[in-house]
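Heads up, the chain below is alone and in the form predicted on its own; it's given as structure tokens.
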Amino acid sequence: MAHPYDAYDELRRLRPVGLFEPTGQWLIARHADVNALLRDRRLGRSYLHVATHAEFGHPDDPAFQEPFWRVVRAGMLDVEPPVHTRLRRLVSKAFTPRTVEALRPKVARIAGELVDGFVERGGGDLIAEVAEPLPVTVIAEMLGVPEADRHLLRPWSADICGMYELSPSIEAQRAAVRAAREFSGYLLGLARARRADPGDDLISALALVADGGDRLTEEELVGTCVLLLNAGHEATVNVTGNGWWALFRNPSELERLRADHGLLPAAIEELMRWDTPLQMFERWVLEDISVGGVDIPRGAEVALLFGSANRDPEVFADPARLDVGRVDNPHISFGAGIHFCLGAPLARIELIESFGALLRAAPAMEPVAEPTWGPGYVIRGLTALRVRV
């Protein structure tokens, strides 16, 4: 958990494609293979558009999980074309590049306020006090969630994302189901209110968006909002925590960044590459394929190792070295193909503004203790990062 990268080095050298029997997944370790499979339509995030669970050798979803899957499969992450194509087209009409760029002043204001308060207190837990509140506040303001309700969003997001870990416990599964049910009910009420009385927010835009008479259903609108919060929030928080810890462990690169804030855009991309917030993404094999000369049958599951791909020496010069000015950086932290992260532009804005605010207001910030890594492998992040300013 603390340092998977030596294991990835060994995998790329000795077994870049291989079946990992404890989880029944085919591990894919090299950048070229991961990148190609993300774009290969013979694989999918789901197989339910072409087969039943039984046909792929799996039991039906447990009945108690139904509220979770109803929400998740109403968003675009866990569906495939033509459903995915339709959803992404409709959502993209509301979540446009212009809409996202227009948020930059608001993101800068929120980041500045959080950082100013953090500095006034002399520091503290960077994750709890800056990294977590920023994306939650931004997405809450985007969606139009009243300020009094925003404290609900982070726990819902964390519990729902717990289902994406390897072999989640029954307790984690039930927490995810409960969070999905509560979040769905909350958003459904907001969506119905906005359809009747639209405001200047994303829920209103999604409720009203249309394309040739086609609209999002209520369940699709709710599933989309849950996805926007979870995907945008968890990754941004962990890039912030992982990124600052990476800089503290590489003081010469931190000094480069402190001396030249113009390196920030490149530095954010490098921090996402160097310690990837989403270590693994899964795909189902819908047709027989061959990867690196290894045959993988229909019905198998591949585990695309993003963290390994982002350290592949075939693609990145001196990949174990953190280089905040790295120019050639085709990392795949946002994915690739039709499931490329829709929120990538917003995540980049949030990260540049929060790192920039901290560099300006706390130029001597330093850690006061070595942090511990969270218990998850798929979603990689620190439990806390205590610093003084």
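The numbering used is simple: start at 1 and walk along the sequence shown. This structure is a prediction, so every number in the text was calculated from the model and none was measured.
FYI, the form predicted in complex with protoporphyrin IX containing FE isn't displayed, but the following is about it.
J.: Is residue 352 one of the residues lying within 4.5 Å of protoporphyrin IX containing FE in the predicted bound form, judged by heavy atom distances?
T.: Residue 352: no, not in contact with protoporphyrin IX containing FE in the predicted bound form.
J.: Would residue 194 show up as a contact with protoporphyrin IX containing FE in the predicted bound form if we use heavy atoms at 4.5 Å?
T.: Contact check for residue 194: no, nothing within 4.5 Å of protoporphyrin IX containing FE in the predicted bound form.
J.: Hey, in the predicted bound form, does residue 278 get a heavy atom within 4.5 angstroms of protoporphyrin IX containing FE?
T.: Yes - in the predicted bound form, heavy atoms of residue 278 and protoporphyrin IX containing FE come within 4.5 Å of each other.
J.: I'd like to know whether residue 283 contacts protoporphyrin IX containing FE in the predicted bound form, with contact meaning heavy atoms within 4.5 angstroms.
T.: Contact with protoporphyrin IX containing FE, yes.
J.: From the list 245, 95, 316, 118, which entry has a heavy atom within 4.5 Å of protoporphyrin IX containing FE in the predicted bound form?
T.: The residue in contact is 95.
J.: Can you work out which of 358, 322, 347, 37 has a heavy atom no more than 4.5 Å from protoporphyrin IX containing FE in the predicted bound form?
T.: By the 4.5 Å criterion, the partner-contacting residue is 347.
J.: Report whether all of 106, 190 and 203 sit within 4.5 Å of protoporphyrin IX containing FE in the predicted bound form, measuring from non-hydrogen atoms.
T.: Judged in the predicted bound form, none of 106, 190 and 203 sits within 4.5 Å of protoporphyrin IX containing FE.
J.: Among 337-345, 322-330, 359-367, 59-67, which stretch has residues whose heavy atoms lie within 4.5 Å of protoporphyrin IX containing FE in the predicted bound form?
T.: Selected range: 337-345.
J.: Between 304-325 and protoporphyrin IX containing FE in the predicted bound form, list the residues on our side with a heavy atom within 4.5 Å.
T.: Result: 306 alone.
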